[in-house]
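Next comes just one chain, in structure tokens: the form predicted alone.
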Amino acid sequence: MHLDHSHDGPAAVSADAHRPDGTRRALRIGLGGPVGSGKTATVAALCRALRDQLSLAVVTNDIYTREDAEFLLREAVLPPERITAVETGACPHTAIRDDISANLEAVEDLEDDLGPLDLILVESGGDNLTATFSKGLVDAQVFVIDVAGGDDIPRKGGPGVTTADLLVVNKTDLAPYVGSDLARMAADAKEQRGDLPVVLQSLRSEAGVGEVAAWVRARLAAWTA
């Protein structure tokens, strides 16, 4: 059990980069976004892209079920012991921002059980555009939206869109079928985010999750430098 932690909000400094024994802990990256945006599919694709080079694990969040963890287990993206689920029992943002104890315990238990890890992905339950992770829980956060949610989503902003370390506009292959203007979405995202990066992706394309995986590798390189 690891419950003796303060639950700092998103403005707090990042958690200590070292474990109690002085070794460097895993880089923690949070993935948030609205219901159906493709967070779990992105996590699965990242696991497939990174599992041969990195030692990684995943924590999923659902309100009352373990649906997302069960999907990852069915897809066999990682060995079962590297995937764990948190049932929040409340609004998803509560467990990733307001009271992070259950998620923090989950990530620390994974490191205790599996030994040194390079990376832990923490997937939030589906939430709205205000969803952000506590910096006491993750070191960087990815926000996933999709074109089927409307091409005005980047323009609407919200902390998830404007402040996440990486914004992913997912399911670009659906744009012709739902009337979404990808160029407009990219321009609106740039206006909202300034120099913060944006990736437009389709997991059905040959490129797939490649750009996001490259971003994760770069964050990990900086983390371990």
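Sequential numbering from 1, following the sequence displayed. Treat the numbers as computed from the prediction; the structure is a model and nothing was measured.
A second form of this protein, the form predicted in complex with a small molecule, is not displayed here; the remarks below concern that form.
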Testing 101 to 109, 119 to 127, 73 to 81, 150 to 158 against the small molecule in the predicted complex with a 4.5 Å heavy atom criterion leaves exactly one stretch, namely 119 to 127
- Query: Taking 4.5 angstroms as the cut-off for heavy atoms, does P34 touch the small molecule in the predicted complex?
  - Reply: yes
| query | Does E191 reach the small molecule in the predicted complex, with heavy atoms at most 4.5 Å apart? | reply | no
- Query: Contact between L174 and the small molecule in the predicted complex at 4.5 Å, heavy atoms?
  - Reply: yes
| query | Would A41 show up as a contact with the small molecule in the predicted complex if we use heavy atoms at 4.5 Å? | reply | yes
